[in-house]
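Only one chain comes next, encoded as structure tokens, the form predicted alone.
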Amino acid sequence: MIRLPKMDHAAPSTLIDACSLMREQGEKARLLGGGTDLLVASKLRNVKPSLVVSLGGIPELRGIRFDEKEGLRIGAMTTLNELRYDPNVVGHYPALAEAAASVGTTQLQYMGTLGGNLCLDTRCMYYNQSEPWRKSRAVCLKMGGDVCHVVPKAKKCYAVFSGDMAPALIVYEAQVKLVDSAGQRTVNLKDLYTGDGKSPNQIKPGEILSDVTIPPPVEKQGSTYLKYRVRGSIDFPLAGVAVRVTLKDSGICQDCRIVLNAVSFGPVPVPDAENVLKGRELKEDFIDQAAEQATKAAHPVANAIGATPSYRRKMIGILTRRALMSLAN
């Protein structure tokens, strides 16, 4: 059994207190939401916090509120199980509910939070290992070394982003609010990710992701999230696709969003695939062309166990086609 390292625990009751703690402690502290990722990483000694700051006692970080004019607001500490079954999410933002249902097992969904999944660290089969296992190899870029075991001549880390919720939220053009002791800022979720496997998001020291907002749904809008993995539960995605389509009364595609998952350092929008469909009916020929563009946009490398990069790339095209066909039907 791998045990947790010794660490202190703080449980602030307000968001400002939590931000102040994080700013004071700097890199020594880590935020604790559901703990489904942080505690595992701590056991493996991927991260070594001296303090964990629990957000569980801050009421303002929880809850789902929907308004037909203002849209959806979700607190960062809202659990994935709550999202999976919320009637407004299921009815108006089905891809979001499907993404929540695809994460891990039911037990993990009861513990895991939306904010935690959005801030999920990137993964690599050379990084997510025990400390003794890693010591048998040169220190990798993600751990502060100077070598990437996946792409040996690379100058950057090729760890892969595997959070299921981000692609589903990006197709809805979601925004996130980041709060610190000095104020707050709002950013588009698609801009939160850096494209760097070592430091995957642009959250600054002392900032806390407090909530997510999604614009109101429009008529004739359909969406879905599909995921390929080795097992039907537990496993992280080896490939994933979120799709949202808005149709005119005539059946012509007015707007389309396609975002790939688990094939790069962050979620990957595919504007070339979207442009294939805009202004056209969702017919099979155009869907095939969009799936081909999605395949071209996927560039997985050998950083995950369970499928080769070429197979994961092929699955992106298959999942994109399945998603679009299901919405067309």
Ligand SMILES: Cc1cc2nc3c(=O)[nH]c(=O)nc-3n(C[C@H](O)[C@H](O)[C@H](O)COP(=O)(O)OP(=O)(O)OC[C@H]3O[C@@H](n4cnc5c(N)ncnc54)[C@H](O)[C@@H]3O)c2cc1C
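Since we're looking at a predicted model, the values are computed, not measured. Numbering starts at 1 and runs along the sequence shown.
Keep in mind that the form predicted in complex with this ligand is missing from the display, and what follows is about it.
Here the chain stands by itself, but in the model of the complex one stretch of 183-191, 248-256, 200-208, 82-90, 200-208, has heavy atoms within 4.5 Å of this ligand. By the 4.5 Å heavy atom rule, the three marked residues 36, 108 and 116 all count as contacting this ligand in the model of the complex. Though the partner is left out of this view, residue 95 does not reach within 4.5 Å of this ligand in the model of the complex, counting heavy atoms only. This ligand is not drawn, but in the model of the complex it has a heavy atom within 4.5 Å of residue 236. Remark: residue 212 does not count among the residues lining this ligand in the model of the complex, judged by a heavy atom distance of 4.5 Å or less.
Using a 4.5 angstroms threshold between heavy atoms, residue 32 counts as touching this ligand in the model of the complex.
With the partner omitted from this view, the residue of 72, 226, 103, 174 that lies near this ligand in the model of the complex is 103 [heavy atom within 4.5 Å].
Note on contacts: among 282, 298, 270, 55, the single residue with a heavy atom within 4.5 Å of this ligand in the model of the complex is 55. Residues 162, 163, 164 of 160-189 are found to place at least one heavy atom within 4.5 Å of this ligand in the model of the complex.
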